[in-house]
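In the structure tokens that follow, a single protein chain appears in two forms: structure 1, then structure 2.
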Structure 1
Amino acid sequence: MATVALSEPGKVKGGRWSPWLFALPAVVVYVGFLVYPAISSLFFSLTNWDGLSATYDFVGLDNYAKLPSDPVVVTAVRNNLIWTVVTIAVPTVVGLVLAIALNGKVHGKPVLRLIFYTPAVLPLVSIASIWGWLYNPQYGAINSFLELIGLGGLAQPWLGQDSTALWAVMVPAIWLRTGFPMLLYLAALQGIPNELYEAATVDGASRWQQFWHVTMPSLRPAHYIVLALSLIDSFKVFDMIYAMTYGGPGTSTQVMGTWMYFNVFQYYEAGYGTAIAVVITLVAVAVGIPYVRSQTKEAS
């Protein structure tokens, strides 16, 4: 009588390779569209390639050595730092305040959430067009409103002068970025057990003490996510500046992203431009590492 060999429970023939086979398509896409372009950019940052010619020379670290002496890079780094501080601090605080307000007994909460989050889903070009019209020095709504309430002396070309252009672009960026932290904080607030507040009330804690000693510690994971993603986003800023001021007037609103673009596609200094891109990438990766580590620890 023939016998049939049974495999051991939990073991499947070829099972050792199954995870790799499932992961293979994603690995191929990852290598083809991320790793290979990244390595190519790193290589071209070490050359004087103009982005069009078939030939180029290897210049080593010359492009990187040129960065500190480039006055536009100095301006761009300063603008990036200002942009990072303002567009993280203001939307995070405003988003937290809105989340706390909407987590209470407020009429029309779904409508209010929709209103506050809508800017986050609008195309950036649309936002730039809307705010470009609002800032228009001749017939824009902002200057018209100032003149209407008797403050016409404050009316000015918001995007047309060095002193106000960067700050004027930050306003729509804040408007755009407030909805995301608001939703994250709102979800985190709804996950805090009421028993914690009841125990704090029994112990005689005031509303302010409950906020600092119960609410804020419970929101720590949400703080990590909001701050890390906002920080990475702020270093990648490009589209809002490009669409509203094109880096001007002059170079007053240049950031690293726009200056990289101008060098690669306008001035045909692709080697220098990719060196700027590599620096932006390294900063974004360095900033993202603490966030990834914190998420990995939570997952384990």
Structure 2
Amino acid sequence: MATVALSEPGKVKGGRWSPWLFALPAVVVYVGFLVYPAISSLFFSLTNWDGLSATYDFVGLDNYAKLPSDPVVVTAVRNNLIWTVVTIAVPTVVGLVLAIALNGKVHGKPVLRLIFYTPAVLPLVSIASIWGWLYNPQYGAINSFLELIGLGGLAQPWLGQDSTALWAVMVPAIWLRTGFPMLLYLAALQGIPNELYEAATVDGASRWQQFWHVTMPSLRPAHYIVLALSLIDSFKVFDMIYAMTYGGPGTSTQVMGTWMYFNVFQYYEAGYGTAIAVVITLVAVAVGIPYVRSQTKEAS
């Protein structure tokens, strides 16, 4: 009788290098397109390269030392913080409220879901154009509507003054970012067993108590995903600002992303601009660490 040779348990055919061989294509892509450019950027942040010439000088940490005394960096950091807090908090809360509403007995659920999610799939430049027209101080719908309902005194040059420009850009950002958490929460809500609510009802829990003690704990994994992705989205802010205000009026709506772009691509100060990019990356990594750790803990 023929016998079939079986591999010893625990031994992988091909030796210990097999996993690495399988991982190699991904590692090559990762190193080539992420690690190598990142190291290059780090290096150029230590130079005075203008972004166009063939030569540059090594200037050590000069570019980093200049950052705190750059008044636009101060404005940009403040704007980034405001942007991050507002564009995470508001879409998340509104998305959750909409998800809960749509999870109940509502007529036309699919249509409403589509309406709330549609802004998320529109091109950002289109959104910026649409809202730019809505905000037009003379012919825009927003000021016209305010005047129509007798609140003409509230009409403003929304994008044309420091006091309102950043907030005006955040409104479409919130509008387009609400659909995504809504969908995630909706999916998570539908996964909560009904028995939990039945048991809570039997125990005499009010709807509010059910929300805090059944719904919210059950949504914890969704919270993590929503917050992590929102955080990443917020740090990446660039396009809405660039398209709607170009960082202005003056420099009042500059964020770190746009200020990095202006320095690298417009002011021919690639070394300094790259230093800003490095700082943005370090902050994003630092902020992302708690999320990664929590995910790792949960997985283990």
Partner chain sequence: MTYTRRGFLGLTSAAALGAGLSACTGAGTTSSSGGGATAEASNNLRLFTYEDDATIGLLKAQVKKFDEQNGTTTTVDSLPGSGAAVYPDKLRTELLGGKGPDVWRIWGGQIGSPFAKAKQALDLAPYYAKFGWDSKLNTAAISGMTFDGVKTGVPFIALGIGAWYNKSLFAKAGVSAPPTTYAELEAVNDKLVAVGVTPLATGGKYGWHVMRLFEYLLEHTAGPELHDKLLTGAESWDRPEVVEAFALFKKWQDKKWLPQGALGLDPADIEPGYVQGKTAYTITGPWTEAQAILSAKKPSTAFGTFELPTDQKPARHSGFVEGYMINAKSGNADKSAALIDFILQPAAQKAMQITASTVKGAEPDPKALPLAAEWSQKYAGNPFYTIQDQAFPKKEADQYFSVQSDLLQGSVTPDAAAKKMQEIVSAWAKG
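Counting starts at 1 and follows the sequence of structure 1. Since we're looking at a predicted model, the values are computed, not measured. We call the rigid core the largest set of C-alpha positions that still match within 1.5 Å between the two forms.
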Answer check: the form predicted on its own matches structure 1
| Comparing between structures 1 and 2 on the rigid core: C-alpha of residue 26 shifted by 2 Å or more? | yes
Here the CA of residue 288, compared between structures 1 and 2 on the core, is shifted in angstrom by 2.3
